[in-house]
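So this first bit is one chain, no partners, the form predicted alone, shown in structure tokens.
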Amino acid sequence: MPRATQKIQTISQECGDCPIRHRAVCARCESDELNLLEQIKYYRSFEAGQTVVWAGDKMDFVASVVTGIATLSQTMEDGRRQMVGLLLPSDFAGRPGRETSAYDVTAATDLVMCCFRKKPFEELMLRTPHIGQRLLEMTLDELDAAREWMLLLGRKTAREKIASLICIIARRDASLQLNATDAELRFDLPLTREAMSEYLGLTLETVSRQVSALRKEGLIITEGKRQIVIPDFDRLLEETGDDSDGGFLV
């Protein structure tokens, strides 16, 4: 696949206004630690469909997703691609100690990332236990998510896949907004139905049919092109096929 040069837009944002502050790798940092991070950070924005980094390419930064969604995928020798996960707001991209990216990282929607220069970040990890501890927790959460993603793609029905994906995004949005899931949830679904079909291994017609079925049964309410309302999260969670604890949706 040709790797065309892509235009990357640089933006700026204050840490105090960051919507992922309480969930990101810097969540437990004190003010002096945040000042150190401030010295090595920069923001980048990517348009939907734009490649953040290709698998095997040198990655001289690590980053947290601030807004938007990115996909992790691998391409086989014959050109077939398989999505292996999602990066949602507050998720971490890149690996300290690893020079290259293991996956293609692609902006599924318009995307903003808080980036840190890798070498200074690695050095800061050694001096700042709060960062290393938080990154370990996030890595373990990512491992759980990867295992659940294997289950979602391999064993779940089309209805369970759609319900699971909506629940994943709804739960993350609620946690960022500090909302409880026992109340009505309202959020913008950032993925088009075409993107959902590609990522879940379903046809567009199947996605549309399952979304319509969930809507007709009152499990979700659609408003406008993207807004989703979940009147009762527990009812929708029952449609995911997960255990009562919700697995990695927590």
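In this text, rigid core is short for the largest set of C-alphas that superpose within 1.5 Å between two forms. Heads up: residue numbers just count along the shown sequence, starting at 1. Just so it is clear, the model here is predicted, and its values are computed rather than measured.
Although not depicted, the form predicted in complex with another copy of the chain is the subject of the following passage.
**Prompt:** Should Asp173 be counted as a contact of another copy of the chain in the predicted complex, where contact means heavy atoms within 4.5 Å?
**Reply:** No, no contact at 4.5 Å.
**Asked** Should Thr67 be counted as a contact of another copy of the chain in the predicted complex, where contact means heavy atoms within 4.5 Å?
**Response** Flag for Thr67 set to no.
**Prompt:** Within a 4.5 Å heavy atom cut-off, is Gly132 in contact with another copy of the chain in the predicted complex?
**Reply:** Because a heavy atom of Gly132 falls inside 4.5 Å of another copy of the chain in the predicted complex, the answer is yes.
**Message:** With a cut-off of 4.5 Å between heavy atoms, is Asp242 one of the residues that contacts another copy of the chain in the predicted complex?
**Reply:** Contact with another copy of the chain, yes.
**Request:** Could you check which residue among Cys115, Leu165, Val84, Val112 gets a heavy atom within 4.5 Å of another copy of the chain in the predicted complex?
**Result:** It is Val84 that has a heavy atom within 4.5 Å of the partner.
**Request:** Scan 134-164 and write down, in order along the chain, each residue with a heavy atom lying within 4.5 Å of another copy of the chain in the predicted complex.
**Result:** Contacts from 134-164: Leu135, Leu136, Glu137, Thr139, Leu140, Asp141, Glu142, Leu143, Asp144, Ala146, Arg147, Glu148, Trp149, Met150, Leu151, Leu153, Gly154, Arg155, Lys156, Thr157, Glu160.
**Asked** Superposing on the rigid core, is the CA of Thr157 displaced by 2 Å or more between the shown form and the other one?
**Response** It does, since the Thr157 C-alpha is displaced 2 Å or more between the shown form and the other one after the core fit.
**Asked** Do you see a C-alpha shift of 2 Å or more at Glu47 between the shown form and the other one, with the core held fixed?
**Response** No, the C-alpha moves less than 2 Å.
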